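One chain follows as structure tokens, the form predicted alone.
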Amino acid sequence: MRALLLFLAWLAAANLAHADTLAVVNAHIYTMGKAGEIKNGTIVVANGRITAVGTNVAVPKNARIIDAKGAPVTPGIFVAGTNLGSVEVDLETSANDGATSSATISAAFDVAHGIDPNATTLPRARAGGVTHALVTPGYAGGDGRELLFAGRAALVALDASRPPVVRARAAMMLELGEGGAARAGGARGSSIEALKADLDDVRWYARNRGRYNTGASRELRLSNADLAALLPVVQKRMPLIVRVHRAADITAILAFAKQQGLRIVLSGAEEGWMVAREIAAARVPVILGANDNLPGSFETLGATMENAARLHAAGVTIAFSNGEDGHRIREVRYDAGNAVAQGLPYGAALAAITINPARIFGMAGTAGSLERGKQANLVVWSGDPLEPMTQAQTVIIAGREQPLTSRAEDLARRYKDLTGPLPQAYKQ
């Protein structure tokens, strides 16, 4: 009985916190929506959603006031590709759930199962203004493993009061180019043919599941789990994120996707600027690293920090990723600032870490912009959000103001004064 009463009390408190009416006033608002930039405005939040945003907004009498004092307010940062929460210690296998080396599971690998709600990287990301992310699986080693797919990505929200995964199986991950070739006999031609054969098998499987289940199947390379996982891809219900780098490989996968009827998103695309018009014409978005510059291999000889600016100028929808380093995810906004220094318009850089990834992955109704009726996910900054010295002053996710503490900050305070008491959280 006592446990039930405690649960009901917690539930009431949670609902009350969600129902708080907030008003962010005196704000320089970057709505990333139709209203554009509002240099001195107000945002009203009730029941987790934005009820008003603009210059002449009446503040409800019961609203808790957050005075931005002229500081910038943006949607929460949305990072389109990271291992946040799935990898705690990269070189420690027991703390790394970001990839599989299974001989039978590839496309079916679901990174959502390995995202730890208590990972120390989540509070640090939240304190840096990150509210949403696409957590993507990587590739693990495996002798003789010739499976092409890395697995399924997950969308997360960093609300401290809720489990992070808001949508599992949000996208399928695939690497082509040199990486894909290495997993398919060492040549690009073999990886493309293997990919085509896999998709053909998935379509056969969709038409003949009864025969498959009774053992009357033709020979299929992929496991039952992988075949089932790829059904949404061939049916265009799930985007296929293709990691590819050189211009020739980009044009090849664009043609392949058109032929196969796939909904793809390019990732990496360091030489994307060389074929920007083709990418734009295909209406394929690109996830890229803003700081990719010097070539790390033959397939990135054309890498340049102007890639983002040139792709945007051609009409390509871009979003920024920090690769696989969830520990430094907050630095994506610094990278966006670097892209501005290389010619990307400021608004386009901000869009690449807010509304663009939300649109690409079907979350524009809950994240990415500050508009009436949308879920309230916003950050009040101490200064320009693309400047490294700027800090998040207030982070609100789904209408709830978030704690900005983290283990890293607790330890910094602890060891700044060695004579002080140990923080309560770390007493044994």
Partner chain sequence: MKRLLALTVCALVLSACATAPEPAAGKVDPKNPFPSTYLALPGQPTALVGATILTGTGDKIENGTVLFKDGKVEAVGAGLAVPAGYATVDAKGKWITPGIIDVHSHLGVYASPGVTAHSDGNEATDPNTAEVWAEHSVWPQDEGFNSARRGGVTTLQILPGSANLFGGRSVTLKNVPARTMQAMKFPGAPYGLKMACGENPKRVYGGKQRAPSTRMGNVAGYRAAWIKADQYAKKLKAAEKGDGAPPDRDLELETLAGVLNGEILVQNHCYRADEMAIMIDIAKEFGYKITAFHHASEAYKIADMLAKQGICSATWAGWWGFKLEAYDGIEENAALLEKAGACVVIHSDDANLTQRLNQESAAAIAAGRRLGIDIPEATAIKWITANAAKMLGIADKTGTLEAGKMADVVIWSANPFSVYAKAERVYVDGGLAYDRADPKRQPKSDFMLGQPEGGN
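Numbering follows the first chain given and starts at 1. Every value quoted in this text rests on a predicted model; they were computed, and no experiment measured them.
Just so it is clear, the following notes concern the form predicted in complex with its partner chain, a form of the same protein that is not shown.
When its partner chain is considered in the model of the complex, A103 lies well away from it, no heavy atom lying within 4.5 Å. Using a 4.5 Å cutoff between non-hydrogen atoms, R183 does not count as a contact of its partner chain in the model of the complex. In the model of the complex, at least one heavy atom of L91 sits within 4.5 Å of its partner chain.
Proximity of L301 to its partner chain in the model of the complex falls within the 4.5 Å heavy atom cutoff.
Contact with its partner chain in the model of the complex, judged by any heavy atom within 4.5 Å, is made by just one of R169, R330, R243, R188: R330.
Of the residues given (V44, L386, M363, I66), L386 alone sits with a heavy atom within 4.5 Å of its partner chain in the model of the complex. The stretch in contact with its partner chain in the model of the complex, judged by heavy atoms within 4.5 Å, is 332-340, chosen from 74-82, 261-269, 158-166, 332-340. Residues E271, W273, M274, N291, D292, N293, L294, P295 are the ones in 264-295 with at least one heavy atom within 4.5 Å of its partner chain in the model of the complex, listed in sequence order.
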